[in-house]
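Given next, in structure tokens, is a single chain: the form predicted on its own.
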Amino acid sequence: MNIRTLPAALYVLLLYGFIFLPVLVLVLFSFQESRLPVPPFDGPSLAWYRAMLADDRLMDALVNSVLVGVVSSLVAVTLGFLAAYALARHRLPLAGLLRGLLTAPLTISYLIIGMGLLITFNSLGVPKSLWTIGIGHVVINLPLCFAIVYSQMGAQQAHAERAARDLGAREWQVIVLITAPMLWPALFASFFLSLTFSWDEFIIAFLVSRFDVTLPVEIWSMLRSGLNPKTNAIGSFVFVISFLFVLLLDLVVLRKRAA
């Protein structure tokens, strides 16, 4: 390292330190043995991870988060793919306006979306449940899935689809056997990004849930009574899962680029 690259190296070091230092502190004090997550550190100990796994409410919230994340992500990817296929392969009236409406939720605050969903569900008499959380997560993730898939629908897929039709394939066969397999990296990326956002989402889940809650809402209720190493443990667990999702997504994208 020479003197010219030193400022850039210091900048990168400060940037990553600013981003990851709070996470490192969270993970470190999740191994604290005492009940107070404050210095001095008196670990390491797995006692709070065992307490986390023994907490029925936390485990129920974890299962709820997984169910809501997987189901809502599958629905968002399916609807986003079908919308992208329709707008990319068919001439529809006001196609530009339809694309704008589909991507508009990306620019709207989750708080506004959550309040709108809450008012809508109350007006229709829909009770708060995991289903309403899932609907909310589909609303925020569908535009992302549409944008990713639509951006990857190029001429190569169109030529293959045209050839399949010339050979007698029906439209549903073209979609299932040609288009979807050729777009699997985009579909895979859309699914795991949606799953990551659903896994971490709090505002909508808090507004449209009642008794059955997701993990972020349960963590928030725990934090109302103050910090303790168990909240650090569950926070570290959420961070690790989110990191693994993003890592898997990066591996898929890098593999596609390399190919």
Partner chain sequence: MMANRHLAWGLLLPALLWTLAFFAAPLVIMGMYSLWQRVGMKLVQTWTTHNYQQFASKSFLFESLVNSLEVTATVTIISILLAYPLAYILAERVPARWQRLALVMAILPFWTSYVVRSYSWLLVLSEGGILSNFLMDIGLIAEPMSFANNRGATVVGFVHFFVMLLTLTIYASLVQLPPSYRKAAADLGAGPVRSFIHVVLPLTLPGVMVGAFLTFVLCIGDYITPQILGGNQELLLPQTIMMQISRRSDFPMASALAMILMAVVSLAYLACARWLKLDRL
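Numbering follows the first chain given and starts at 1. All of these numbers come straight from a predicted model, not from anything done at the bench.
Omitted from view is the form predicted in complex with its partner chain, to which the following refers.
When contacts are judged by a 4.5 Å heavy atom cut-off, residue 62 does not count as touching its partner chain in the model of the complex. Mapping the unseen interface onto this chain, residue 125 falls outside it, with no heavy atom inside 4.5 Å of its partner chain in the model of the complex. None of the heavy atoms of residue 191 is located within 4.5 Å of its partner chain in the model of the complex.
Taking the partner from elsewhere, residue 93 is found to have a heavy atom lying within 4.5 Å of its partner chain in the model of the complex. Judged against its partner chain in the model of the complex with a 4.5 angstroms heavy atom cut-off, the residues 228, 243 and 246 are in contact without exception. Between its partner chain and the residues 153, 113, 187, 130, the one pair within 4.5 Å by heavy atoms in the model of the complex involves 113.
Applying a 4.5 Å heavy atom cutoff to its partner chain in the model of the complex picks out 135, 138, 139, 142 from 132-148, in order along the sequence.
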